[in-house]
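The chain below stands alone and is given as structure tokens, in the form predicted alone.
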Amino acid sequence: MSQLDWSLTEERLALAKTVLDMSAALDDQLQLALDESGMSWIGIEESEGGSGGDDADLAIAIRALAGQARNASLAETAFVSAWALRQCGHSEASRHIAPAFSTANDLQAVEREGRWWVSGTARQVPATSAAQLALLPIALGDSWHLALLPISSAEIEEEDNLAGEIRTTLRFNSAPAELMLELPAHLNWIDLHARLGLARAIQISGALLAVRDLTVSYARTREQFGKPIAEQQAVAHMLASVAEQALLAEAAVATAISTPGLWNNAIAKSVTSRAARSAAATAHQVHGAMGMSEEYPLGALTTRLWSWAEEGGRAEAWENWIGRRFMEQDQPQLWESIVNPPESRHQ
């Protein structure tokens, strides 16, 4: 089985079908159903109250939901926050946790009488509608820590991204931390930011597969001059472009999942973000006015693509980081860096 076939095992195909069935049958109760089925706790060991499984299993569920343009906190709670806590030797398998991993945060913590108190602002915090807690990275001396705080202890300002997903600003004023956990020495804020980037990359991949299928189906059924527009050479080239971008995104995600590490996470986010922009624009060209209709599903997917491309690091930011890391090597060798990344941290 090739690396691109990571999603095609019998168990993962069944998991994807279950998520799709739940998504189609449920509306406001989808998050509750995901919680009760244990999907919100995939990746956490059963001995710690979770559902077992690994990143690839969780990515299947996240990708399936993204392809249906459904909002749920799997990406944030299970893939990002639970992973970050596991790096510190801690597990949470009952409460939703919103990861406040934006580079625009301004947070400080002080210790008084054996307890940590947090002040400052966390911006663009996702999944706060489902979460009870926020997870905040804070630099203390030469190391990074994760502070776990009740969202209710913050002043809350809610905004939406382009897709209508809630992105909250949390302002803390000497709020008591429930936990303060030190990250291992080899991890810092950029590893957390990249993990959020990989979560968005997985979602982009799922949405791109749906956009590809929707666009091909539309072009095959929409007729002009007595034949489907898919038979027109210019449109056929557009369809090939959308399919190419979906495949690029899938390959980048497959690489990051099979070989975990900061470098591959950064590449996955860069590749999928650029693919999202290109494929969304081309899909709207093929659909014309139909793609702008609120009743038609394309807009719900492309607004998510545009939003997710900006979250967890824009393509340009990660490409700048990749370029700087490459040039920091003692003897930069382009091809060697491509086939053997300078850094491969197994997570």
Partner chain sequence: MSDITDLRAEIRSFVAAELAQQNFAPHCDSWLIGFDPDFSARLGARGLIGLMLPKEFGGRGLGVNERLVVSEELLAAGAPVAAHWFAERQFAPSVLRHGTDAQQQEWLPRVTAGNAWISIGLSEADAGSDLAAIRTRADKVDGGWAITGAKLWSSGAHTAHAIVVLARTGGERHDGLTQFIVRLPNPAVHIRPIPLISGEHHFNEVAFDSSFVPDGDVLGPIGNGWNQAMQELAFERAGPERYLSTLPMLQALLPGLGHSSPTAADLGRCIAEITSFRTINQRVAEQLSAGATASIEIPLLKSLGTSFEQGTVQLALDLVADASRAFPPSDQALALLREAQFQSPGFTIRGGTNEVLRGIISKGLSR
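Numbering follows the first chain given and starts at 1. Since the model is a prediction, treat every value here as computed from it, not as a measurement.
Another form, the form predicted together with its partner chain, is not on view; read the next lines as being about it.
Only one listed stretch (29-37, 58-66, 297-305, 43-51) carries heavy atoms within 4.5 Å of its partner chain in the predicted complex, and that stretch is 297-305. Here the marked residues 11, 84 and 88 all miss its partner chain in the predicted complex; none has a heavy atom within 4.5 angstroms. The shortest heavy atom separation between residue 171 and its partner chain in the predicted complex exceeds 4.5 Å. Although the partner is absent from this view, residue 217 stays clear of its partner chain in the predicted complex, with no non-hydrogen atom inside 4.5 angstroms.
Taking non-hydrogen atoms only, residue 284 approaches its partner chain to within 4.5 angstroms in the predicted complex.
Proximity of residue 322 to its partner chain in the predicted complex: non-hydrogen atoms within 4.5 Å are absent; the residue sits far from the partner.
When you look in the predicted complex, the only residue of 155, 160, 142, 111 with a non-hydrogen atom within 4.5 Å of its partner chain is 160. Along 284-320, these residues reach a heavy atom to within 4.5 Å of its partner chain in the predicted complex: 284, 285, 288, 289, 290, 291, 292, 293, 294, 295, 299, 303, 306, 310, 314, 316.
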